[in-house]
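Before any questions on how it binds or moves, here is one chain, the form predicted alone, in structure tokens.
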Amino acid sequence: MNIVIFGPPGAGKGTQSKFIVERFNMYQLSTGEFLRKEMSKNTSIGKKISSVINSGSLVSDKIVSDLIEKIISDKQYQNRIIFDGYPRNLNQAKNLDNLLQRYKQKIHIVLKLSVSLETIKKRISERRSLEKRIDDVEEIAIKRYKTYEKSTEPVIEYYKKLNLLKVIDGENTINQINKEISDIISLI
């Protein structure tokens, strides 16, 4: 089974994805982690990514698509991928469908962690003291939240029309969210 997990930056996608990986033996394809890894290498692409993220914008579809295809085409990950942070717009969603189809796969369920901007700001201020991340600056976080909301709205509608969307209350505790996600996945 392939899963897409949505939520604004700071919603807990990474935390929930790790839980799903462990519980259901899946592979987490986290575009955020991939991009942060490139930035830390300080390569020319890493510098471009850093500049885009620091401005509060999203990285180009081409860069992200190339990474995704490498994973989808690898037989060891077939039908056991959780897409964390992708797709972020309608073009990416359609591109993902095409890539999956090319490798005889599909999306089985789409999870959306619904979280308010106030909760995101609170979580980011808490996370800042635990783990330094370049995107943990409140004004960048607010801009990224608004960019996320605007760009993913058509994607959410796209998956909703395909009857794949399940909305999760991301305001709950980590354990409550884990349980709700687990119950949903177990029904597939």
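Start at 1 with the first residue shown and count on from there. These numbers were taken from a predicted model, which means no experiment stands behind them.
From this point on, the text means the form predicted together with ligand AMP, which you will not see here.
Participant: Looking at ligand AMP in the predicted complex, is some heavy atom of each of Gly7, Gln16 and Ile82 within 4.5 Å of it?
Facilitator: Heavy-atom distance to ligand AMP in the predicted complex: none of the three under 4.5 Å.
Participant: Going by heavy atom distances of 4.5 angstroms or less, which of Val155, Ile124, Met26, Leu35 would be at the interface with ligand AMP in the predicted complex?
Facilitator: Of the candidates Val155, Ile124, Met26, Leu35, Leu35 is the one lying within 4.5 Å of ligand AMP in the predicted complex.
Participant: Heavy atoms within 4.5 Å of ligand AMP in the predicted complex: which stretch in 115 to 123, 158 to 166, 52 to 60, 145 to 153 meets that?
Facilitator: Going by heavy atoms within 4.5 Å, the stretch is 52 to 60.
Participant: Is Val64 a contact residue for ligand AMP in the predicted complex, using a 4.5 Å heavy atom cut-off?
Facilitator: Heavy-atom contact with ligand AMP at 4.5 Å: present for Val64.
Participant: Quick one: is Gln92 in contact with ligand AMP in the predicted complex, heavy atoms, 4.5 Å cut-off?
Facilitator: Close contact exists here: in the predicted complex, Gln92 approaches ligand AMP to within 4.5 Å, heavy atoms only.
Participant: In the predicted complex, which residues of 86 to 108 put a heavy atom within 4.5 Å of ligand AMP?
Facilitator: Counting only heavy atoms within 4.5 Å of ligand AMP in the predicted complex, the contacting residues of 86 to 108 are Tyr86, Arg88, Gln92.
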